[in-house]
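Read the single chain below, which is given as structure tokens and is the form predicted on its own.
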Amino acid sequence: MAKTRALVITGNGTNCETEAAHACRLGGFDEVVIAHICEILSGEIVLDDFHFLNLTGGFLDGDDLGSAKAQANRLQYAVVAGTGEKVVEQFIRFMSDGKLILGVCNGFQLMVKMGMLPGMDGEYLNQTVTLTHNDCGRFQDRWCWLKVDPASPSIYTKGLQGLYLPVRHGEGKFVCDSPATAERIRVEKLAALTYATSDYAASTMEFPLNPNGSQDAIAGLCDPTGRIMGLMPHPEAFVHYTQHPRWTRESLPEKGEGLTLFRNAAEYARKNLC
């Protein structure tokens, strides 16, 4: 059987690539590569060679023009050296081939500004949602309870009922371009994760449980296939119990809750892409 391969893109301000790569390895991927964006632009790294793409957190291009906007423009219009092929064509082919993409925090911001999410009707280059400044007007660094929608098509959240993960962002408020877009997201169950009360029973708009004021309390969004997903909380930052803020005071399982997303991705890749 072919090896499962994960790619983590770094450069231009990302700062979570090491944690993301570690989570991919712990999750069960056979090979994990961290590649600078310049290696993709030069043609040294080709997305076709991988099964799982990670777009990680950080501050792409210093969040100039808004979080991840400069990188979104770069990936949409840059051409791979010596090929004449736009980088975005590799992304479209990657998704069309049934492969997996997970964007976390800055990576989620990148995905919505490229138009990759929510991806309804197969439209992956048409922006209909965004992530903007937190309602509180300042950066938020805290842990949040997240409710999982069991009806969501997301392959990453299968088997989960709730998650407890950290957020650290200044532009995490999810907003739709119209009531029609918001309604389709609700009807198609694309909001895989919502900010919730501490018992995971209900989604909430109450600050600080909802740290940014996201519309419909949306913390994580997938496309209709469930293979393409973005979320503001950081699953790679909770893959071991010692990363939990109360690990010295509570009895916790060795594996952190965030690891499940990467395990589910590895299992899907092994069964469907190799």
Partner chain sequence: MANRVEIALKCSVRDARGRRVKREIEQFLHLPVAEVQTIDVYTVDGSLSREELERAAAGPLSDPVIQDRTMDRPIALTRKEGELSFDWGVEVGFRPGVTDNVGRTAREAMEYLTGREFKPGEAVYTAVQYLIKSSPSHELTRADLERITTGLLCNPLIQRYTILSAGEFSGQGGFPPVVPKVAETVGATDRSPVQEINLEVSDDELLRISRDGVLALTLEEMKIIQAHYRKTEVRAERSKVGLGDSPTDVELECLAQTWSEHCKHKIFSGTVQYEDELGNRREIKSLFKSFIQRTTKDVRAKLGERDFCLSVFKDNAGVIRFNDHWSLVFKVETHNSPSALDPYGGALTGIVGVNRDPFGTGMGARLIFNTDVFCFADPFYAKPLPSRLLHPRRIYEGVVEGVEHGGNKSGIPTVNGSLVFDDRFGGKPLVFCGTAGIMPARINGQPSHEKSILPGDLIVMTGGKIGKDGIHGATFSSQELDENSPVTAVQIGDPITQKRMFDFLIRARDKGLYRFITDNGAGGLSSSIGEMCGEVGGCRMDLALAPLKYPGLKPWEILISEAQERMSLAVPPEQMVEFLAMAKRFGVEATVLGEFNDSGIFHMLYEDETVAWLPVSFMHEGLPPLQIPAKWTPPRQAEVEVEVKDDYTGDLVQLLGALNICSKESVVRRYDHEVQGGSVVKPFTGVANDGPSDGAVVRPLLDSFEGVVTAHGICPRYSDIDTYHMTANAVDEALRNYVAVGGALELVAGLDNFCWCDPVLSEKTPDGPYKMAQLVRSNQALYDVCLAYNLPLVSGKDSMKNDFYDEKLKISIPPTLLFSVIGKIEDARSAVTMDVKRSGDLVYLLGPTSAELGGSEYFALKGGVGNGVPVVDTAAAYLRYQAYGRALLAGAVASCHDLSDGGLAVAAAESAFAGGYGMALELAKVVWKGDPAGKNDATLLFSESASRLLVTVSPEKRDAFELFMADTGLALIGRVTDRSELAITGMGGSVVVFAGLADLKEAWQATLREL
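Positions refer to the first chain, counted from 1. What you are looking at is a predicted structure, and each value in this text was computed from that prediction instead of being measured.
FYI, the form predicted in complex with its partner chain isn't displayed, but the following is about it.
- Heavy atoms within 4.5 Å of its partner chain in the predicted bound form are found in exactly one of 138 to 146, 192 to 200, 93 to 101, 152 to 160, that being 138 to 146.
- By the criterion of a heavy atom within 4.5 Å, Tyr124 is excluded from the residues contacting its partner chain in the predicted bound form.
- Contact annotation for Leu65: at least one heavy atom lies within 4.5 Å of its partner chain in the predicted bound form.
- The shortest heavy atom separation between Cys176 and its partner chain in the predicted bound form is within 4.5 Å.
- Although the partner is absent here, Thr242 sits close enough that one of its heavy atoms falls within 4.5 Å of its partner chain in the predicted bound form.
- Taking its partner chain as it sits in the predicted bound form, the stretch 186 to 203 never comes within 4.5 angstroms of it through any non-hydrogen atom.
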